[in-house]
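Only one chain comes next, encoded as C-alpha cells, the form predicted on its own.
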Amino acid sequence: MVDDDRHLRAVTDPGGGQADPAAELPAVDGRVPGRRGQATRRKLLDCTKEMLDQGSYRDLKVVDIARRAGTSPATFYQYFPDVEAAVLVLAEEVAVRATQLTELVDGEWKGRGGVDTARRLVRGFLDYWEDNRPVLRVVELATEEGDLRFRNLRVRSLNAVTRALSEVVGQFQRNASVPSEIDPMATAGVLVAMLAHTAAHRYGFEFWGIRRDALEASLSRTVYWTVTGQKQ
C-alpha cells in the first residue's frame, strides 16, 4: 500500500511554510522525478482540479484525468496510486495556502481601521474559497463522511487563522472590551466556522438574492463586533 502521508509531507517545508508547487514529491515507486516528471505530475494535478470543478468527485476516473492531461493511465499511476491520492495532494496544497489568511488578521482593530481589517479578512476568506472551491468541496464532503485524513487537513488549514483571531480577542478582553467570561479561542473558532460556511455556500446566498458585497458588509460587522466587543 502506498504511503499517502509521504506525498502530503513533501508539499510543505519542515518549518510549516508554503512550499514551491514544483517541490520534489516522490513518485509511487519512491524515486524523485526529474524536471519533466515534475511537470507531468503538476499537469495531472491541475487536470484533476479542473475536472473536480466540472463533475462529481465520485465519478472522476484515472483514464479521464490522463486523457485531459494528454498522457496515459499508466503515466498517472507512476505518480499516484489512485484518484484519491491526487486529490489528497491538492487538498494539502490548499491547506498550505490557507495559512496566508493569518496575515489578514494583522492590522488595526480599533475604530474604523478595525472594520477595514475585518473586511479584508472576510474578503480573503471568500476569495480563498472561490479560488479553491473544487478541492474544498471534496474536503468538506470527505470530512462529513468521517475521513480522518481530510478532516485533519481541514482542521489544520483553519488552525492558524483561528489562533491569530483568538489572540486579538484576548487583547480586547484584557482591555475589558470583551467580557471576561468569553473564551477567546471558542469565539475565534465560531467566527472562522461562520466565515468558512458562508464562503462555501455563497452561491446559495446569491440564489436568495443576497449579493457578495452585502455578505461582505454583514460578515465584516459581525467579525468586528465579536472580536473587539465594540460597535462602530
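Not measured: the values here are computed from a predicted model. The first residue of the sequence shown is number 1, and the count goes up from there.
The discussion below concerns the form predicted together with a further copy of the same chain, not included here.
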Legend entry - Check all three, Lys43, Tyr128 and Leu165, heavy atom within 4.5 Å of a further copy of the same chain in the predicted complex: no
Legend entry - Which of 90-98, 103-111, 72-80, 139-147 lines the interface with a further copy of the same chain in the predicted complex (heavy atom within 4.5 Å): 139-147
Legend entry - Close approach of Asn159 to a further copy of the same chain in the predicted complex, 4.5 Å, heavy atom: yes
Legend entry - 4.5 Å heavy atom contact, Ala196 and a further copy of the same chain in the predicted complex: yes
Legend entry - Contact of Ala186 with a further copy of the same chain in the predicted complex (heavy atom, 4.5 Å): yes
Inset, instruction - Indicate whether a further copy of the same chain has at least one heavy atom within 4.5 Å of a heavy atom of Gly204 in the predicted complex. - result: yes
Inset, instruction - Could you list which residues of 203-229 come within 4.5 Å of a further copy of the same chain in the predicted complex, counting heavy atoms only? - result: Tyr203, Gly204, Phe205, Phe207, Trp208, Ile210, Ala214, Leu215, Ala217, Ser218, Leu219, Arg221, Thr222, Trp225, Thr226, Gly229
